[in-house]
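Next up: just one chain, as structure tokens, the form predicted alone.
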């Protein structure tokens, strides 16, 4: 019997769905659901680039991230009301931007900017990973609409893994994330590349062999996410 609160096998993702075309006006959009986590990802195209890229003949991909006040168990105040973004928000949106730029040929994009907005509707762990995975679909749709699908050089997806009472497990939900001995986020590409790995230990340092087990789970999980991304785009087509 599984020791995971959800009853899932240690190498099982939560249920995943990606609904395209959720936002009426955005050039690309995807609502991704991973278990109880839901994130609306939209791609907006502008015919401008940041000042540091003007006149260089290349584009830019960036991201913004936010959580609705009742995305969590208790209401969180809007960051706009506080007048500044939290350090967590800034760190996550930079991660999303880096992750998406890893699979885009900015020269082929030309002098325009694509902004990925990732808004968390419901949070049950893994919101940054769901944001990256869903934002890739929104980006792919936006580039297709621009006639620049060739600027997309590959796929990127992300998943969390951790060390819990059940051992190394894939795709932590909130209950597991809040008590995990180690928590890692893997951002990987479909051709086997690593974009970023974030990992922290809580009670004790984790061992290289434990990290390898987590990495293996992440590789398995992202392969399933890559298929979910492709299936979402096939349905859109």
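Residue numbers count along the first chain shown, from 1. Just so we're clear, the structure is a prediction, and the values are computed from it rather than from any experiment.
Another form exists, predicted together with another copy of the chain; not displayed. Remarks below refer to it.
With the partner left out of view, is residue 91 within 4.5 angstroms of another copy of the chain in the model of the complex by any non-hydrogen atom? Yes, residue 91 is a contact residue.
Applying a 4.5 Å heavy atom distance criterion, does residue 61 contact another copy of the chain in the model of the complex? No.
When the contact criterion is heavy atoms within 4.5 Å, does residue 69 count as touching another copy of the chain in the model of the complex? The answer is yes: residue 69 has a heavy atom within 4.5 Å of another copy of the chain.
Taking 4.5 angstroms as the cut-off for heavy atoms, does residue 165 touch another copy of the chain in the model of the complex? No, no contact at 4.5 Å.
Quick one: 9, 100 and 147 and another copy of the chain in the model of the complex, is every residue within 4.5 Å by at least one heavy atom? The answer is no; none of 9, 100 and 147 reaches another copy of the chain.
So which bits of 55-85 sit within 4.5 Å of another copy of the chain in the model of the complex, heavy atoms only? Going through 55-85 in order - heavy atoms within 4.5 Å of another copy of the chain in the model of the complex - the hits are 64, 65, 66, 68, 69, 70, 71, 72, 73, 75, 78, 79, 80, 81, 83, 84, 85.
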